[in-house]
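Only one chain is included here, represented as structure tokens and corresponding to the form predicted alone.
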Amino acid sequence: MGSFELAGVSKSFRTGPPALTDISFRYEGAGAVGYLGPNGAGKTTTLKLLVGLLRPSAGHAYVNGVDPMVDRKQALWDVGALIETPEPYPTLNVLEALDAVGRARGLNRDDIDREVDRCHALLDLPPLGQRVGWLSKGQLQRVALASALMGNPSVLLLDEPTSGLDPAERVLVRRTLNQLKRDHLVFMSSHQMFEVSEVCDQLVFLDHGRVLLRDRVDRVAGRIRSREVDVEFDRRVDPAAMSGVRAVAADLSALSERRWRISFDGSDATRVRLLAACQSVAPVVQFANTSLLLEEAYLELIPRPAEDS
């Protein structure tokens, strides 16, 4: 089974504060781990350490039990990586670009053909004869991700894998990652909470080079009590009909003729009373938190920088 580990890793550059400070965690087996933090938190630096593109200032990084600074070939033979925004040579076509990756991985001709077909099916790649230099940003990102999947490695280290994709492409990549995590280990960095919440089982929150929290997705969401819900009725609701809801809520505002936003104390008891009050007004189509609980956890852990005065 695949694994990756950081053991007391710190990384400093010649100027500026440390990029990472005493980072330690280990994951193995199958599943998906989300690496969350704002831009500049140290996420890409971490991935570069795991694949041996950077040397730690202190500590050690391991992939499948091997330090890439000691034996990069052995550490990375069963690893697929997408770091920052790699681009194949623009003069190659899609098939030639994937063929080059397959040959670098030591695959034979038949295996390369099978892997190209597999990646094409997973990611709906652009025409294989199209030159890389003519691809859109989203097409190029999917080809880069396919390159990471060539050879079917057990560990996938992915830096913002949905960057540059349109909504349909994002859905496609999320579906692919959810399929892969059943028997692969995926480490996925992002600053987009929704992308991570749709794929990952475990979360690591990073800010200013330090780990703030590591836990399962459900446990992180369970720490937060949302204090706002949106309710949608199956018909137009007159404001006067909302008096019973208003008596329970802390605040109430109309979003449209059918949708309302309700603020309350966040307790389960009040949530139950609010739902009952709404159902007495009209049939309820939807009653849900205004934002993902994980987004609220993210904002609680990583506060926004103070605005300039």
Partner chain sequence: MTDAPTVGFPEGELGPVVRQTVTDFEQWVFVTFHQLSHYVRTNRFYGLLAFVVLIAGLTLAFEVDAGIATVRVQQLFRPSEYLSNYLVYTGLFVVLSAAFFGGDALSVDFSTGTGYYMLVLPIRRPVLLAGRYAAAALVTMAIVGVYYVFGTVGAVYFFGAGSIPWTLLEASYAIAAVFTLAALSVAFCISAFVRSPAAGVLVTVLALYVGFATLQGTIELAGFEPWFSLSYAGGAMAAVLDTDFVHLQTVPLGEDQYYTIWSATVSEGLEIMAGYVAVFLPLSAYLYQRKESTG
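The structure displayed is predicted, hence computed values, not measured ones. Positions refer to the first chain, counted from 1.
In what follows, reference is made to the form predicted in complex with the partner chain, a form of this protein that is not presented.
Proximity to the partner chain in the model of the complex, defined as a heavy atom within 4.5 Å, holds among Arg214, Arg219, Arg72, Lys137 only for Arg72. This chain is displayed alone, yet in the model of the complex one of Ile83, Val229, Leu125, Leu172 has a heavy atom within 4.5 Å of the partner chain; that residue is Ile83. Using a 4.5 angstroms heavy atom cutoff to the partner chain in the model of the complex, all of Leu54, Leu107 and Asp111 count as contacting. A residue is said to contact a partner when one of its heavy atoms sits within 4.5 Å of a partner heavy atom; Glu195 fails this definition for the partner chain in the model of the complex, lying far away.
Among heavy atoms of Asp166, none comes within 4.5 Å of the partner chain in the model of the complex. Contact annotation for Phe25: none of its heavy atoms lies within 4.5 Å of the partner chain in the model of the complex. Remark: Gly209 does not count among the residues lining the partner chain in the model of the complex, judged by a heavy atom distance of 4.5 Å or less. Just one listed stretch, out of 232-240, 117-125, 187-195, 200-208, contacts the partner chain in the model of the complex at the 4.5 Å heavy atom level, and that stretch is 117-125. Counting a residue when any of its non-hydrogen atoms is within 4.5 Å of the partner chain in the model of the complex, the hits in 9-34 run Lys11, Phe13.
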